[in-house]
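A single chain, nothing else alongside it, follows as structure tokens in the form predicted alone.
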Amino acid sequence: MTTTRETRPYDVADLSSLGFWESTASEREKTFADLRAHRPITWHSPAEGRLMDDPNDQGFWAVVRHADLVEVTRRHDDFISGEGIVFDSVPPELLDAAQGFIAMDPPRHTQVRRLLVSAFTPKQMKRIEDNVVANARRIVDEIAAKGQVDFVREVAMLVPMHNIFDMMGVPEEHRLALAKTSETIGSYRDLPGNDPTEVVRVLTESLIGFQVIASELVNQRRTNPTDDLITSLVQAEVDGEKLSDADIMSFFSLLMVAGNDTTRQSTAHGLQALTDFPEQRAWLMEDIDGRMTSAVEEIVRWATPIMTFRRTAARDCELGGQQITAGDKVILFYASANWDTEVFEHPGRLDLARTPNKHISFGGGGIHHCLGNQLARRQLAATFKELLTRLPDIRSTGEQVYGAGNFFHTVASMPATFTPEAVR
């Protein structure tokens, strides 16, 4: 008898429950390690807490090994992104607005990505670099005399917020509202009650708010160009093609959420790692300029700020000996692949000198490799250099609060202490 979605047995491992994602990363890793060793590609029941009922959602394939994840990422004709990139089946009206060009497939994805890349001109990159360094200094200036902070609220959250708002040319009067909206969207799994209807309503209203502001900025830059990225996006042209207003607004929303959350989580997890592994901090401080590049790579591996990414099978095909059916959800578990002992020696140990470091925190290669990876690296390097040189004993203390979502590796709160910097 041919096995179908409806008749396939679900694996005994729990990757679907809210309880699994509410557990600690180390507890989840025990499950991932067992799967990597014995059952690297497995079929699981639909994830709990879905946003909408989808009769076609009979479950998902879990891809937990590094090599298999890279293979799926590079087989973009077999495993597509256009059906969405998260566990949930997302209402069509939210898909484009919420997930942007990363939820597109060729040829449209190719066209939009080329236009977006063209907007990052050398002049823009120099301006962005200058702002990243200045904002790292600004953030440390604001906390240096305090001695105790919520590291997430007063540092990690502000790093990407200031940089992305400066980069996009967002006026001050919009920044606070956009920051709050971005946080709401990024942590929708943690909304009180987690009622699917209410969550969809909140997400819809939040995305409309993004688009209203983005539309206003696009219209302003068409008539009054400035030196910000919105202007570059409006003016971008490749082979006679230009970005539509909808493309720009979608990219704006993507940056506000994914661009904010990935760097925010990496910064918070990075401080926790440097607290837990003081010998690695000491090693870094012996030559912070020379060693920061490899340190950032390891912090990003350790953090794995995006834990999962979804693809959808475009056709019947084979993966790792398993027969995949067209329409099946295929979930890439980055949080597992970055701990794969076939690729990383002692992955549970922070090693800031790790070389090579083939982490997949920015994707496994292929056409969907993270467009903002260099910006994320620059932000982390500038922030940790400023923090560790000016507040050398800063450390995480007390009880950290983590999110329970299955997409972002969220740190909601993290107390930190340090010796206040002398008044300059």
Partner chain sequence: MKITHDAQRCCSSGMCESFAPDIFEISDDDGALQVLDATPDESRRGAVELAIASCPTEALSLE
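Take the two forms, superpose them, and find the largest set of C-alpha atoms that agree within 1.5 Å; that set is the rigid core. Owing to the predicted nature of the structure, the values given are computational and were not obtained by experimental measurement. Numbering follows the first chain given and starts at 1.
One more form of this protein should be noted, the form predicted together with its partner chain, which is absent from this view; the next part is about it.
Taken together, the three residues R74, P122 and R127 all lie with some non-hydrogen atom within 4.5 angstroms of its partner chain in the predicted bound form. Its partner chain in the predicted bound form is not approached by S45, whose heavy atoms all lie more than 4.5 angstroms from it.
The closest heavy atom approach of V117 to its partner chain in the predicted bound form falls within 4.5 Å. With a 4.5 Å cutoff on heavy atoms, T110 counts as touching its partner chain in the predicted bound form. In the predicted bound form, none of the heavy atoms of A37 sits within 4.5 Å of a heavy atom of its partner chain. Only one of 394 to 402, 58 to 66, 365 to 373, 24 to 32 places residue heavy atoms within 4.5 angstroms of its partner chain in the predicted bound form, namely 365 to 373. Core-superposed comparison between the shown form and the other one: the CA of A119 exceeds or equals a 2 Å shift.
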